[in-house]
Each structure stands twice: as C-alpha cells, then as structure tokens.
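Form predicted alone, single chain, as structure tokens, below.
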C-alpha cells in the first residue's frame, strides 16, 4: 500500500505558512507501516489541483489531501475531488445539521456559505471531526483506490487522520503488525558525538534490523534519539522499546534528560521540587525566555520565584549588585545569579548574559554566552561557565535556555560531589 500526501493552499507555495501537516502525516504513515514516496504542494487553482490529484492517484494506492475544505471562495478541494470522481456534489443533511448546531450552541448566526462545507461528492462519505470544527473530512473511493480529504487546521486534521484514516488504511493494506516509537531527549553532546557513543549499538541494530534508532536535532527541545520498533502487537513492540531504552540509557547516562514529550524545563522543575528548592532567575540576552518556558509547565509556581530581566547594564548594577565593569563576563554573571537569589528570596539563582548578535559586544563575538549558578542554599557559592553557541539571534537565545537549564540540571545531579561548572 502506497499513500501520497497532497497539501492544498497557495500560502504554502508562497512560504507564508510552513507545511507541518504533511510532515506529521508522513510520520503517522511510517508508524502505521504504510509506504509514502511522494508529497506534493499545489496552489488554490482548480485545474492544477485536479491535475495533482490525478497524478497522485496514478502512482499511489491512496491519497491524503490536506486543506481547501473551508467555506471561502478559494476552498475548492471538494469541487476538484468531484471532478476527479466524475460526480456532482450533494448536501449531506447530517453534516449541515451539525454545522448549524455548532453555530447555535455558540449563540452566533451561521453565514450561509458555511453550508458549502456540508457538500460531499456523490459516492463519498463524510468523516465527522471529533472537535467542534465545521469542516468534515472526506473518504472518496475512486475505482480500486481511495482519496481522503482533511481540514488544514492542524488539531482537526490530526484527530481525523488518527481516528479514521490510519485505521482505514491499515485495514485496506492488511497491516497487522504495529510500529511504535519512543524518543530519548538528550543534551550535552553533539549529534556526531552521540553517534560516536552509540556506534557499536547502531552496528548491532543494523544487523538485527529491529528496532532501529535515529537522531533528530531539535534546537531548544534538545537532541533526540528516536527508537522505532515493529511488533506483532503493541505489547510486543513496547517490549522491544523497553529493552532498547535500557541499552541506550546505559550508554548515554546523564545525557538523557527526558522521554518523548518531556522537555528540559520539566526535568529541572521536577528535580527542584523533589528537593524542596526554589529558583530565581536573572536574564539578560534571553529577555525572560527562560521564565516563559518554565511557566509553560503546570505547577511551575511551586519552584519558580520569578525572573529579573536585567537587559540594561544599569539594572544589572543597581538591582542585582553586579560590580562596575564589563557585563558580559564570568564575574558579572556570577553576581547576577547571586543577586537573583538575594532579591527574589530563592534557594538557587540562575543567570545568563552574553551576546545574541548580530554584532559583537565588549570584545565578544555573537553567540558568546555566560551562565551563572548560585547554589547557596546547598552550601556552595556562585560558579559560571562560558559557551559559544551557533546560529542567528533567535537560535542563540533558544540554545541559551536549554544550555542554562542543562547546566543547572548537571549541578543538581552532582550536588553530592564537587560543585563546579568547569
């Protein structure tokens, strides 16, 4: 079974919207054991959409079309599908009633053009969105092949693909095996460094063939090591994942900070909460980004006392007690960490300063970052580390967040031993 993805929308071609839907659908197809060799983007032009659908159906057994199911004039996916099927559109009364009820429940008047979303090609079946969206998906048999259509709104698309399309595709393909993945999140080693650490394991898995591992650099989310296993059912696949996770953790050790969706912020907050410790921040080049990321974690208020965004030099001096002199230095960042702890009344202080770019500062190149940690509540004074981070201004700021939190995590892991960042 080969399934192709076609994304509809001129905005995708113009780069106004990044097509994350197609990549996500591709991942789900792979996990379901469905081959996918092509992904296509096409603008909001009827003739070109029809041509794209026909080409996809010529070379694939199934096609998933994403986008163009809305109520506006440029939403013409339904009409294009009807032409490819050689049929007319007809109103689906159940879908129409659902759309009307949705507007009524919100106390809003329904524009009549929303009923366009209840039109379905003759012979096709509407796939109702489990979320309160107005656009249903479509299941359209075309000869011995099938074309599915899903809304472009990501959360609506994902629900329909997961709950309706993937099960239908697996049934059509006769797929009985299960493919499952698990991701170890790491920080502190480069992608090539990880590959070197795991070289022996990778070689062994290449011979065995199942499971497999792959690397994915994900910026502020860390460097991911994804394990993928195939089994006769979920339990069999999970058993392979469990065994391989044990192998990889033994090789990677403390580099692993999280599993699947667990990020560095969650890991650090959990460690601090378990120890009954509070955290105060002093941020210069990150401008509050560390605090924002921590605050995204439910329950962060049990640990985070606050953040002082000391962007201007005089704020560093007057509020945090940084001594006169360079503000991009180990001395400055250690004083910032101590100041954050003192001003915010926290057990631990974490501070960052540096040069995000594009220009240098105080003789430092863009990407130069200093991180300070004051573990005063644990009997240690301020320490610091310097790092040179890659990328543009935004990437430097994001890398600083995970680097600083990763440094604090390492300090907490080694709190029973020598305290120091160097």
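Just so it is clear, the model here is predicted, and its values are computed rather than measured. Numbering follows the first chain given and starts at 1.
The same protein also has a form predicted together with a further copy of the same chain, omitted here; what follows describes it.
- Of the stretches 161 to 169, 120 to 128, 235 to 243, 296 to 304, only 296 to 304 has residues with a heavy atom within 4.5 Å of a further copy of the same chain in the predicted bound form.
- Screening 139, 270, 252, 309 for any heavy atom within 4.5 Å of a further copy of the same chain in the predicted bound form leaves a single hit, 309.
- Interface residue among 264, 95, 291, 248, judged by heavy atoms within 4.5 Å of a further copy of the same chain in the predicted bound form: 291.
- Using a 4.5 Å cut-off to a further copy of the same chain in the predicted bound form, each of 14, 40 and 315 places a heavy atom inside that distance.
- With a 4.5 Å cutoff on heavy atoms, residue 181 counts as touching a further copy of the same chain in the predicted bound form.
- In the predicted bound form, residue 403 stays away from a further copy of the same chain, with no heavy atom inside 4.5 Å.
- Taking the partner from elsewhere, residue 364 is found to have every heavy atom lying beyond 4.5 Å of a further copy of the same chain in the predicted bound form.
- Contact check for residue 22: a heavy atom falls within 4.5 Å of a further copy of the same chain in the predicted bound form.
- Along 201 to 221, a non-hydrogen atom within 4.5 Å of a further copy of the same chain in the predicted bound form is carried by 202, 206, 213, 214, 215, 216, in order along the sequence.
- Between residue 398 and residue 20, the C-alpha separation grows by 3 Å or more in the predicted bound form, relative to the conformation displayed.
- Between residue 60 and residue 211, the C-alpha separation shrinks by 3 Å or more in the predicted bound form, relative to the conformation displayed.
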